[in-house]
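Shown below, as structure tokens, is a lone chain in the form predicted alone; questions about how it binds or moves come after it.
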Amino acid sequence: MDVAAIVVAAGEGERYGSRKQFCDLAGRSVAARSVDAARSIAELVVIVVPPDSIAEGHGADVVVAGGPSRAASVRAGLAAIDAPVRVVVVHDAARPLASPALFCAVVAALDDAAVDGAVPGLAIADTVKRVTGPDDPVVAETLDRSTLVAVQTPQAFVAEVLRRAHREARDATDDASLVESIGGRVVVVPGEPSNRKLTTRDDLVSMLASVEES
């Protein structure tokens, strides 16, 4: 087996107000659409869900219970991959519109032996400023946006590098950060503007319009 995928769907959706990954999107759950997208490149798809939701796999091959953090949930997914694989792709269930071409692109980037991971990224159009803190938001500096990208999932990694990163680094907002923290080389491939993350109910309305147009 060459490629396995982990679809992370274990969040509680506190900002959304419910488990957004299980919302209906044109007759199928958001999570099921993300599983299907991952299957375009992966021979094995593992979905990580809240502990009380393991009865429903949303089309995945393996269903496991998640942990208290995103990183813990990914580790649970890694533990469920018991066959040798070269590449592991990690995808957030809340990005159900990622295309098969995007999955192919991040995996293809690993054909370079010097690359440990690949992530999709979009150039940032707005001016970005760093502030002193959330309680005292004074501008500390204006960043050079030409060197900044907004990162998405799916993210692809050499399997053994990702496993080592999760053993040696405990938590981060994405898996690329963990791989970077152990000295891994992560490259960026062009992301997709349509691959937005489901965060608010307005996002779901926009996604529904996109699905119906396609």
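All residue numbers are counted from 1 along the displayed sequence. Quick caveat: nothing in here was measured; it's all calculated off a predicted structure.
There is also a form predicted together with a small molecule; it is not shown, and the following applies to it.
Choose from 159 to 167, 35 to 43, 184 to 192, 61 to 69 the stretch whose residues reach within 4.5 Å of the small molecule in the predicted bound form, heavy atoms counted.
-> Stretch 61 to 69 is the one.
Within a 4.5 Å heavy atom cut-off, is residue 4 in contact with the small molecule in the predicted bound form?
-> Outside the cut-off, so no.
Contact test in the predicted bound form: residue 196 vs the small molecule, heavy atoms, 4.5 Å = Close contact is absent here: in the predicted bound form, residue 196 is far from the small molecule, nothing within 4.5 Å, heavy atoms only.
Would you check, heavy atoms only and a 4.5 Å threshold, whether residue 88 touches the small molecule in the predicted bound form?
-> It does not: once the small molecule is placed as it appears in the predicted bound form, residue 88 has no heavy atom within 4.5 Å of it.
Do residue 93 and the small molecule share at least one heavy atom pair within 4.5 Å in the predicted bound form?
-> Result yes; residue 93 sits at the interface with the small molecule in the predicted bound form.
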